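Listed next as structure tokens is one chain, alone, in the form predicted alone.
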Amino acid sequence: MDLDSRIFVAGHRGLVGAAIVRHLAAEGFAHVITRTRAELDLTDQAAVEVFFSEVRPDHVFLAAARVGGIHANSTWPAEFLRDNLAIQTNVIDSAFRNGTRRLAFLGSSCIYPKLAEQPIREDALLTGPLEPTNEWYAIAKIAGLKLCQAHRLQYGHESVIAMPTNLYGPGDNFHPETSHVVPGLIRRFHEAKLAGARSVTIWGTGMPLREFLHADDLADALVFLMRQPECGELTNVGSGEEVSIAELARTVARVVGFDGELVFDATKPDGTPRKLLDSSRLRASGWKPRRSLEEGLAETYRWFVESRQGPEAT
């Protein structure tokens, strides 16, 4: 992948897609191609085929997907399965048939069994039942990575298949009802600071352990993997560092500047006690994240404030 390559980033407005675009621009890639959903509906097979036949990108980063939390997965299971299968199939197939050299497929750690041994290795895939609350999304992602592997097996078409851990960063979803834990805590502590609140209540005991990775570090890992001479293996992408929810909350409070009390409501569910990816395969290749958790949180908070995503936002 050289600086003159034509690179299509599908899903460039999302958390990961935007990070990939930033990374490519910083490295000096001259021909980064993007399309909004209004310009190109990736669920439309004919439209995707026309796009690829006309543009003929050399490389593709497939970061587009229909995403959502537990409520969305439970409410629209058919759409989650249908739309993600369509997006993946259309892009992967058209990329192959129109001369794309290499495609990066972005998955999710939810593809692994609910009770997978920790840290979760790549070979845990399909060894047990999925977590029911997001199985529709997970099944679609498993089908996508298997399609990439099938294309490599049958046609020799190369793909990078990356499974990231929990992500955060600039451009994340900070909605008070639908955000994930990191942006949710950032917004809550920010609002509490502005309101002069004495305490913030957090669901659960604070004891569960989680792993987090900045989206820009994921973008760096994806470009690193695209440049490797061999690809095709499923590769976990994580920070390798665990943090308790309590420690995460204290770090976010410190970054935001909230000095009130943190109250943990043990009557609320904790979720899975531990979720950590084994990213030793990627580390052995020579890659490691550039940001510490606190550095990444501070960068994300600056973006949040500068983008006016505070209490006035909806």
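Quick caveat, the model's predicted, so the values are computed rather than measured. Start at 1 and count along the sequence shown; that's the residue number.
Quick note: we don't show the form predicted in complex with ligand GDP, though the next part is all about it.
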| property | result |
| --- | --- |
| Heavy atom of E49 within 4.5 Å of ligand GDP in the predicted bound form | no |
| Contact flag, W203 vs ligand GDP in the predicted bound form, heavy atom cut 4.5 Å | yes |
| is_contact(T127, ligand GDP) in the predicted bound form, heavy atom dist at most 4.5 Å | no |
| Any non-hydrogen atom of P170 within 4.5 angstroms of ligand GDP in the predicted bound form | no |
| Site test, N166, S179 and I245 vs ligand GDP in the predicted bound form, non-hydrogen atom cutoff 4.5 Å | yes |
| Options 139 to 147, 203 to 211, 225 to 233, 92 to 100; stretch whose heavy atom lies within 4.5 Å of ligand GDP in the predicted bound form | 203 to 211 |
| Contacting member of L185, I111, A104, A219, with respect to ligand GDP in the predicted bound form [4.5 Å, heavy atom] | L185 |
| Contact residue in the predicted bound form, from H59, K275, R35, R66 (heavy atom within 4.5 Å of ligand GDP) | K275 |
